[in-house]
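What follows is one chain in structure tokens, specifically the form predicted on its own.
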């Protein structure tokens, strides 16, 4: 990550692949989840995913962001879909997709909800980084039908990722009913894990955006003041080597960079933000114009400090070295 007073911010160029939108959780704000039987409930087939990966490499992307609903295997129809594509479990299918991405020339980053230590261990050699949003340590109405959103479960998984030395992404979802002291507690929990394991490369400070048709469709968005305050808290509480990230398709990042934002996350030239499909990614050239003297610098899904420290497996090592420069950022074409 750039130093706090640097005149540049980082981002990665990715393809966003929503492998399935079937999920056991029923978050009050989620517009991504689908029930089996709904017309757009799906499990993407490998041929469709391969096509996206190949186009991503042609467009210069370095990150394949694989996202899932959580524990879809609890849904019988989903298990049938897995059998139809030739796999007995989500993990087995995901391992195949990660291998495919590496062979094509793009680095996997997996965000598949709660995973066990054995699943993390299996995925580690095939991923440049992985992630799980903490969202909040508070007990919230927004999560009342969500067995996977218990903060102790999520913190345990982030801890296991640290023990396995997986470069990791987590974050807060701001404005879903939590209080300021909850945000402080959440940030302190993340900071504590990083001080112990040194594996958290970025913390996303994501603003809640209401989605039509969800229980929280009329819930107010966080104010600009709340977002600024949370970013200031993040920069104060988190260790200096942890990037603070906002999503430039959800919030104007320029003023927030002065408050401590150092990264703008994945920006795709090809795929939509499947979690926030109404919010288009900015064009990188247009974004650079708006930022003025604040330069954009492209990175890989694994941050430069972890590239330098060799926090990657032999399986992806050749690709990491091919795509990174001497400082660990994206090598210029």
Ligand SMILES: O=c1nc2n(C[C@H](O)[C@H](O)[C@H](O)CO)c3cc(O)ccc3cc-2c(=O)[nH]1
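For clarity, every value in this text was computed on a predicted model and none was experimentally measured. Residue numbers count along the first chain shown, from 1.
Not on display, but discussed next: the form predicted together with the ligand.
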For the interface check, one of 86 to 94, 72 to 80, 235 to 243, 124 to 132 should have non-hydrogen atoms within 4.5 Å of the ligand in the model of the complex; which one? 124 to 132
Partner contact for residue 266 in the model of the complex: the ligand, 4.5 angstroms, heavy atom: yes
Please tell me whether any heavy atom belonging to residue 206 falls inside 4.5 Å of a heavy atom of the ligand, as the geometry stands in the model of the complex. yes
Is residue 306 close to the ligand in the model of the complex, meaning a heavy atom pair under 4.5 Å apart or at it? no
Answer yes if any heavy atom of residue 275 is within 4.5 Å of a heavy atom of the ligand in the model of the complex; otherwise answer no. yes
Within 69 to 90, the residues that have a heavy atom no more than 4.5 Å from the ligand in the model of the complex: none
